[in-house]
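Take a look at this one chain, the form predicted alone, written out in structure tokens.
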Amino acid sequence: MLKGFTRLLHSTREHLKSLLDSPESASDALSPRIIPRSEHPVSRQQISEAALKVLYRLNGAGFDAYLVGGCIRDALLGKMPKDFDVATNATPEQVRDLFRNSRLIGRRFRIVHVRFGREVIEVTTFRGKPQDEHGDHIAHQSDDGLLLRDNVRGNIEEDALRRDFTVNALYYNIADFTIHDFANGARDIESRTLRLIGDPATRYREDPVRMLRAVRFAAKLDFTIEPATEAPMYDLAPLLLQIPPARLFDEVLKLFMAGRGLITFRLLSHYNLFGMLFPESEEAMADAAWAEELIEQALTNTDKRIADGRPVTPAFFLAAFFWAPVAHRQAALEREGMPAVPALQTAAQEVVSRQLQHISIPKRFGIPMREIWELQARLPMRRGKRAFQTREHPRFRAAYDLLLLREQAGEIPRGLGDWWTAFQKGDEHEQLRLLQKVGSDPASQGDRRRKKRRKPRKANSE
């Protein structure tokens, strides 16, 4: 009898735990809070004209329409919102019928993009919890819990609990300008805390990219990741290997093109996520101290350019990320007897081929990245017209910046970077003087041309 009572007690505890860990329990524990216009700073003046058009047209057609997510979060933080997402009880087909300038996209989640010139407003239908009676064409999970398809429709309460973080479960109602807070997101914004809704391990298994989003928001917003939210990340990082490489490339752009690349890199490394994205780079950092220094300096430069409003390209920081593994393989191939230039090209191909299994790199970035690497072999070659030809190359500036970072990180001795700095700044006479000194520069020894041996003259038969 005692054993039966013990089993019953254990079963009851497990049932209560599952309820507390489930998204449904959050709705019971955290009652929705409606914040009136007089108690929040979000104004229609902060909302783009395109987003207002979508909200008012949906509202005028009899549908509920809310601004949701990051735009409300940023407005409450005192930032000017940039991207506007709309949540509604209208189906994707109904939204498309209301807006001729729209199109349905996505298979995993069906959403509508409404385009106004260059601006795109993303409209999603309220989502509900997948049930057993839903067919695979509506909702489908892998054996590991990964959501492969999730097009279950629900109400606003269910939709809020399907959001990832509490600070993103805030809904601005265009009908009365109130904010509906279903998960105490406003409280977490005040305390600058990032907290997942529901059981973190389950939510990460549903979509492992949420771990990258946690890092991105923590770095971007200067938030602290709540202990229960961060705890599973260390062990669940390998789940990222399930995500398609194309989707991960989009996430990489968001991670490193927001002006907080350095802190993002350090957080990714801390949670064992960086190696899931860039295995070649992680292995290189374990072999050479300068590899990590090179990446950090490249991200510092990228962050500064973004802060100064100057253009940046992913090709540069990707070139820096992969330079150490390329250089290591090139050196190994040269030790086997392969000439320097073919060794560099072969090493680049091998590194990129492995990387593409994790993150796809579009040609518009992959080709410039390779050109930046190839110029590292040309920069020491400065005799004759070569210096002028190299300087005119479209990727020269990026290659020159990478050269400086290599010297700064300690991979190669300083000197060549200073020469190219002076060559760019100097007038014609200074450039000629610098070219005359190339012969005595140790960095230019590889530029010496081999003299052709003259064939011996045939003996005169007369």
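Don't overthink the numbering: it's just position in the shown sequence, from 1. Because the structure is predicted, anything quoted here is derived from the model rather than measured.
Beyond what is shown, the protein has a form predicted in complex with adenosine-5'-triphosphate; the following relates to that form.
Considering adenosine-5'-triphosphate in the predicted bound form, which of Arg216, His328, Arg110, His358 comes within 4.5 Å of it through any heavy atom?
After the contact test, the surviving option is Arg216.
State the residue from Arg162, Arg260, Arg205, His180 whose non-hydrogen atoms include one within 4.5 Å of adenosine-5'-triphosphate in the predicted bound form.
Checking each option against adenosine-5'-triphosphate in the predicted bound form, the one that comes within 4.5 Å is Arg162.
Test of understanding: in the predicted bound form, would Arg210 fall inside 4.5 Å of adenosine-5'-triphosphate by heavy atoms?
Although adenosine-5'-triphosphate is absent here, Arg210 would touch it in the predicted bound form, with heavy atoms inside 4.5 Å.
Can you check whether Arg370 is within 4.5 Å of adenosine-5'-triphosphate in the predicted bound form, heavy atom basis?
Judged by the heavy-atom cut-off of 4.5 Å, Arg370 is well away from adenosine-5'-triphosphate in the predicted bound form.
Does any heavy atom of Asp83 come within 4.5 Å of a heavy atom of adenosine-5'-triphosphate in the predicted bound form?
Yes.
Mark Asn168 yes when one of its heavy atoms lies within 4.5 Å of a heavy atom of adenosine-5'-triphosphate in the predicted bound form, and no otherwise.
Asn168: yes, in contact with adenosine-5'-triphosphate in the predicted bound form.
Could you tell me which stretch in 414-422, 396-404, 64-72, 45-53 has residues with non-hydrogen atoms within 4.5 Å of adenosine-5'-triphosphate in the predicted bound form?
That would be stretch 64-72.
Under the 4.5 Å heavy atom criterion, name the residues of 243-262 that approach adenosine-5'-triphosphate in the predicted bound form, in sequence order.
In sequence order, Arg247, Lys254 come within 4.5 Å of the partner.
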